[in-house]
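Two versions of one and the same chain are coming, encoded as structure tokens; call them structure 1 and structure 2.
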Structure 1
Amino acid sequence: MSDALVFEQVSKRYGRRGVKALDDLSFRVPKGAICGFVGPNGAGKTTTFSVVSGYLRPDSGRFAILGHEGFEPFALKGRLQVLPQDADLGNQHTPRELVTHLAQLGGLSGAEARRAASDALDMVRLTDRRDKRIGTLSHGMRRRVAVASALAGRPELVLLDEPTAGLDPVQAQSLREVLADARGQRTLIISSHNLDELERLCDWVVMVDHGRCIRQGTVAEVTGRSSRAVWRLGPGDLPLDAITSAVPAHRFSIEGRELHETAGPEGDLDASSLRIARVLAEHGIAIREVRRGQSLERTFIEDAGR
């Protein structure tokens, strides 16, 4: 699979003191992926988005967007779209007017832009508000207008900065469904502090800290879903020796009422689960929960801590 975005040792400094916002940052995002771009405040996320968007030039390194070296505005017109976190939509316009105008700036004809605006506003469930002044809309509706403006037309790569910020749980879930529908059709890169949300939505993740990439890969790889499991168990003496004997290729440890399992190179969590469940049943130990891997949040905190 080819890549929608590639950074290779990109650096960017600010101010007279030359504070490094990006420090030889290298990562890749496959085409068609929904990528979570994760990092604490000051990690370099906004600077990275600004470089990709053409607002900033890096001091060194190379980057490629949709196969083009660096930021090429004419080659990327309509193919790259960006949603800043605090986008000012203009209260005097209607959603239909705003999204149509932005779609035209992306290279669509008037008729194409009008159709694209209608489709995008339908997509974010604002059909009945498309002709209301934006200034009269709630914060959640305004946020959905902003997302519609980023998705309208035929963008191949979309950068979204905190797209669900300020939305209530129902609105956030609705917007996640909209973004999930774009999987495979376009590449989305989502910067957010809501790691639980990203874990549910994304299939690729890039973790950055202090301007460097500290981990990247599929969400399953990063969180260890294919190699780690945690069993939360009911009361009783945990038969660790019996479990180890039943699955000798895996490593086990106990933390409180949790059994932690790590598969070896040739391990198979599906096969081992049957043997472990059998041993637990023989010893009268209830299985209350089995979780593959660890959360994206815990993974990031551990990696950033190191």
Structure 2
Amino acid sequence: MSDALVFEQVSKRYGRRGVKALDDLSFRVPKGAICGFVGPNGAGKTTTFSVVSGYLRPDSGRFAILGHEGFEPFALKGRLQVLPQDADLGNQHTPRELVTHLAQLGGLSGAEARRAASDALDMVRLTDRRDKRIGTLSHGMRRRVAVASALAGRPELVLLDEPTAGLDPVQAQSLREVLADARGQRTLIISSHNLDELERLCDWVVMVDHGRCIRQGTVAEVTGRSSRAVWRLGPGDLPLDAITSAVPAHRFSIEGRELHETAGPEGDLDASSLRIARVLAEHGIAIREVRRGQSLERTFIEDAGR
């Protein structure tokens, strides 16, 4: 699969002696993925988005967007769209006027832009407010207007910086559904502190900290869904030796009533689970729960805290 976005050793410092926001940042996002862009405050997420959007110029390194070197507005017209984190929409226009204008600037004809704006505003459930002045809308509604502007038309790559910030739970859920519907049709890169949300939505994760990429890959790889399992077991002596003999390719450890299993490169958690279950049954130990991998949040806390 080709990549929608590639960063190679990109650095950006604010001011001559200021903070180094990006420090040789390298990562990639495959085309068609819904990518979670994760990092603590000040990790460089918004700076990365700003570099991709052409708002900031990197000091060094290279990056390619949809096969184009660097940010080139005319080559990427309508193909790249961004929801900036804290950009104001202005108060004078209506949502319909603003989204139509931005869609036209994105390369659509007048009629296409009007249709795209109407569809996008329907998508974020703002149909009944589309002709009200933006200045009269609530914070959540303004946020939805901004999301509509990012989704209007036929963008191939959409960057969303904290898309659900300021939305109530119902609106946030509705937006997650909209984003999930885009799976396979366009590449979405979503920056958010809500890691549960990202884990449910995304299939690719890039973790950044101090301007560097600390981990990237599919959600399954990053959280260890394909390589780690935790068995929560009932009372009784845990037969660690018997389990290790039954599945010699995997590593096991015990924490309280939990059996932690780590598969090697050639390991297969599906095959091992049958053998482990058989050993446990033979020793009369109940299986209360089996979890694959660990949550994205726990992975992130472990990695970022290192």
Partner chain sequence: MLRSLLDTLLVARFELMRALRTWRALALAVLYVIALSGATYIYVRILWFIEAGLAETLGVPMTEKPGAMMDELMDNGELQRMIREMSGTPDAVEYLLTWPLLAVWGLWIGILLLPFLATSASAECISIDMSTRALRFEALRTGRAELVLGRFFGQVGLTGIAAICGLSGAWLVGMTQMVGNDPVFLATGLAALGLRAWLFGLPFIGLGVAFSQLTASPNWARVLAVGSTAGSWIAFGLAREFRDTSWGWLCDLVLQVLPQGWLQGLWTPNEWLISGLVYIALSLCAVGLGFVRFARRDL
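Rigid core here is just the name for the largest C-alpha set that superposes within 1.5 Å across the two forms. Please note that residue numbering is based on structure 1, beginning with 1 at the start of its sequence. Keep in mind the model is a prediction, meaning the values are calculated, not measured.
The first of the two structures is the form predicted alone. Relative to the superposed rigid core, residue 298 undergoes a CA displacement smaller than 2 Å between the two structures.
For residue 252, the Cα coordinates differ by 2 angstroms or more between the two structures after the core has been superposed.
Relative to the superposed core, residue 114 shifts its CA atom by less than 2 Å between the two structures.
With the core fitted, the CA of residue 242 sits 6.6 Å away from its counterpart between the two structures. After superposition on the rigid core, the Cα atom of residue 268 is displaced by 4.0 Å between the two structures.
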